[in-house]
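Given as structure tokens, the chain that follows is alone and in the form predicted on its own.
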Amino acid sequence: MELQYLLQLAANGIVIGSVYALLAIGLSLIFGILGVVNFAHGEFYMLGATATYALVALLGLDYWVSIVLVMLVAAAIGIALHDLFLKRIGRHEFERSMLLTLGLAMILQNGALAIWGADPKFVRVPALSGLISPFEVRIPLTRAAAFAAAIAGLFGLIYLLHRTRLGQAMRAVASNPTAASVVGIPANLIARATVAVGLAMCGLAGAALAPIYTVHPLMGTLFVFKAFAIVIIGGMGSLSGAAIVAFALGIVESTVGAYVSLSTTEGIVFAVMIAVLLFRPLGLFGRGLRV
């Protein structure tokens, strides 16, 4: 019985960890290529969940169609975000990027509060109302769908980075921006594509978790801090490190959270982050754009 319970907790943790990976990888991707720390990342996750609520609950669109639309809209917002704001920030100008993205986060959060109010919203998908029981582990279809969407997004990103010319150019810019510019890679175009892809991953995370958690304007705050913890522990700019730590965090949260309070679990996560900063400032997996 105890083993079965632990398997159930691990399964739940893997599901949440896969969505954490989308958030953290999007954040790490933007930092790795642009050198910009995006403190508004959690609000874009919130917008993805809110847009899913509007499309599914209000307009009655199919959930899977809504996910695709949310990702496309998020990518378009990413292009606008780059052209209007981020391209004016130099690489690794952390103070400017922090102030700009924090201000943007406040605008998005309070704008959502003004439009939608503070009451939590629910995204109900009748087709995902059942359970599946692989190896006698009971998993709600909403969580199974979130895991499937997250894994599809992660593998899509891997394909983009390693099997397309755009992805190869993105990796080249992340590795050595000066050399990439010398060989003719258009840095501005790559930066624009990077923000679009990063926010598309963020929108996918919001859409994937919308049927699991309540949707409200403040939902991105805690998630963005977790995303930063994941990126710092894994190594700023390391996509593989972010993915590994995200899955580990999901499992740890689920299993440890079953025996101690939520606040204690959160404290453990950030205590680990502080320890990593003290003893391995570059993170567990160093610095580099890797998947």
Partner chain sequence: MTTQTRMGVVALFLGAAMSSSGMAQEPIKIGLTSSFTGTAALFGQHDRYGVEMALAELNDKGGVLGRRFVLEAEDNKCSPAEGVKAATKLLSEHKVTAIIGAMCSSVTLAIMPLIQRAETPLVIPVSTSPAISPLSGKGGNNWAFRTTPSDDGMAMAIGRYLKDKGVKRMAVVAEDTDYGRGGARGMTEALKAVGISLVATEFIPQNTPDFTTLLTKIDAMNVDRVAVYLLSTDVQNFFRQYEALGARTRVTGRAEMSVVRGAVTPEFLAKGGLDGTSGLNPYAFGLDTPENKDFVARFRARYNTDPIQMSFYSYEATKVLAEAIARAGKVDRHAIREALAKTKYKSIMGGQIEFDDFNQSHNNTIMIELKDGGKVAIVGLYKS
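What you see is a predicted model; the values in this text were computed from it and never measured. Whichever C-alpha set is largest while still superposing within 1.5 Å between the two forms counts as the rigid core. Residue numbers count along the first chain shown, from 1.
Here the subject shifts to the form predicted in complex with its partner chain, a form of this protein not shown in this document.
- Figure note: of the listed segments 198 to 206, 75 to 83, 144 to 152, 117 to 125, the one touching its partner chain in the predicted complex, with heavy atoms no more than 4.5 Å away, is 117 to 125.
- Taking a 4.5 Å heavy atom cutoff to its partner chain in the predicted complex, the contact residue among Leu61, Ala258, Leu69, Ala248 is Ala258.
- No residue of the trio Ser18, Val272 and Phe279 has any heavy atom within 4.5 Å of its partner chain in the predicted complex.
- Using a 4.5 angstroms threshold between heavy atoms, Ser254 counts as touching its partner chain in the predicted complex.
- Put simply, Gly156 is far from its partner chain in the predicted complex: not one heavy atom of it is within 4.5 Å.
- Its partner chain in the predicted complex is not approached by Met98, whose heavy atoms all lie more than 4.5 angstroms from it.
- Taking the partner from elsewhere, Leu131 is found to have a heavy atom lying within 4.5 Å of its partner chain in the predicted complex.
- Contact residues in stretch 200 to 229 (any heavy atom within 4.5 Å of its partner chain, taken in the predicted complex) are Ala210, Pro211, Ile212, Tyr213, Thr214, His216, Leu218, Thr221, Leu222, Phe223.
- Once the rigid core is used as the reference frame, the Cα position of Leu262 differs between this form and the one not shown by 2 Å or more.
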